[in-house]
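Encoded as structure tokens, the following chain is the form predicted on its own, with no partner shown.
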């Protein structure tokens, strides 16, 4: 590959793990390339809401915002948004990476984030102009060539024409780019895919508007969209159902985060609406993060915690949702009515893991996550100089992602210094 740009370390993935690793590498004195396949940095963790009631619940969401702010202020990190890995090879100890970047139609140096492009785009509902609620990103708008009419047949230039004359930030003729990078070390921090809430079909996800996934609830609370029951009023009876997309035949592992975020979200809803009745159905309580005994004790005082997973859900004539489950002590069938049901989905392997593992010549676990070298080398892989951070290697919470990312950055730094 000719005309390569060389970095000591390239980080693949611009979520919280990738950002934390990149920032730590700059602290250790290295220039870094941070590659993100979407137009925006922050990953899924940036869309999680703060779960503080009258006190902090230590959910970790604020840790993302702090590092995002630092990311955009760090000149030693070169950002590559809308960029994916096409090819990878190894020669004389160096990783040679060929990247493909979608057209960067909106110029970050000229965009004023007015949003007119999205308001006027005739294909906005098809996703031609996408935006983010993560305010640290700039610009907060991007064009998706896959949905844009201009890139399909050249028939539309509305966004470019409507862009204010003082900005002129949009250029639809920007080309797709192929770039070649060389690196002494690579950190894979490509994140995860949320569990599919439809995997438990008997819960009726997608058939009833009062059934949400935990991811959707987080986004609504963060964006202030609000929650409504069947009578268009705030839901007075809310149920959380645990282990959706975890600990079943297809996904036998524990996702580690569901118990923690469910209890925190339940307490948050109770805090905002004290008269509401909140119930969480669970198999057994797993890791709930820092100060777990206190969190669990407080949650038991504020919400109803039922050790049973409902086996049936049906819609009633009054618009409520009826859940049936077996009582833990006497195995009697119980039916309860709710205005809102939240399916606590787990963490699944990234959709691109198999393809990326083949390019980088590393192994995956049976569950589809990137394989580490062992319990004592939880950031290392079978490929020297290739390290893992965050949920790319398995389920973990925000604090766990950051901890592993810092370790990966330090090991990558040591590897670069020895090479």
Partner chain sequence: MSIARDLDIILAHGPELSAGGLDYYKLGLWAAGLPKSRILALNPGLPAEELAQRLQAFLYRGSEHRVLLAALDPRLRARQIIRLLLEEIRINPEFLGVLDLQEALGYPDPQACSLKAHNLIRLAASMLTRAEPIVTRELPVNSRVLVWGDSFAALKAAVDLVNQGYPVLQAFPGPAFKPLIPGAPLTQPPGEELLQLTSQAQSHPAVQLAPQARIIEVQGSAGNFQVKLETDQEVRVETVGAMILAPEMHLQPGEAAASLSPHPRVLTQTRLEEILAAPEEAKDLLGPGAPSLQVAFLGADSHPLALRRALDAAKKFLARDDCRVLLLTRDAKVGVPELEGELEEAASSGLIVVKLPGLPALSLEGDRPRFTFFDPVMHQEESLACDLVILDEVYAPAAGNAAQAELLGLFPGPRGFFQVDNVRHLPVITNRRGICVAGPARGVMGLDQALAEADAAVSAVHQLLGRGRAEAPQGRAVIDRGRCVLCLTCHRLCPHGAVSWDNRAIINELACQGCGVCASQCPNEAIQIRNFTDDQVVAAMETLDPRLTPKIVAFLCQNSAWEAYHGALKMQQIVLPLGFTPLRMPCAGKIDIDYLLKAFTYGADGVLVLGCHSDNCKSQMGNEHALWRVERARTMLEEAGVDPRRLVFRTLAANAPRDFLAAVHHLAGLLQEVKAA
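Residue numbers count along the first chain shown, from 1. Values in this document were obtained by computation on a predicted structure and should not be read as measured data.
Omitted here: the form predicted in complex with the partner chain. The next part is about that form.
> Is residue 65 close to the partner chain in the predicted complex, meaning a heavy atom pair under 4.5 Å apart or at it?
Yes - in the predicted complex, heavy atoms of residue 65 and the partner chain come within 4.5 Å of each other.
> Is residue 223 part of the interface with the partner chain in the predicted complex - any heavy atom within 4.5 Å?
It does: once the partner chain is placed as it appears in the predicted complex, residue 223 has a heavy atom within 4.5 Å of it.
> Residue 402 versus the partner chain, in the predicted complex: is there a non-hydrogen atom within 4.5 Å?
Taking the distances in the predicted complex, the answer for residue 402 is yes, it comes within 4.5 Å of the partner chain.
> Within 4.5 Å, heavy atoms only: does residue 377 come near the partner chain in the predicted complex?
Yes - in the predicted complex, heavy atoms of residue 377 and the partner chain come within 4.5 Å of each other.
> Heavy atom within 4.5 Å of the partner chain in the predicted complex: which of 318, 87, 113, 176 fits that? Just give me the one.
Selected option: 113.
> Of 61, 32, 386, 392, which residue is found within 4.5 angstroms of the partner chain in the predicted complex when only non-hydrogen atoms are counted?
Comparing distances to the partner chain in the predicted complex, the residue within 4.5 Å is 61.
> Tell me the stretch among 209-217, 182-190, 232-240, 278-286 that has any heavy atom within 4.5 angstroms of the partner chain in the predicted complex.
In the other structure, the partner sits against 278-286.
> Given a 4.5 Å distance limit between heavy atoms, list every residue of 225-254 close to the partner chain in the predicted complex, or none if there are none.
Read in sequence order, the residues that approach the partner chain (within 4.5 Å, in the predicted complex) are 247, 252, 253, 254.
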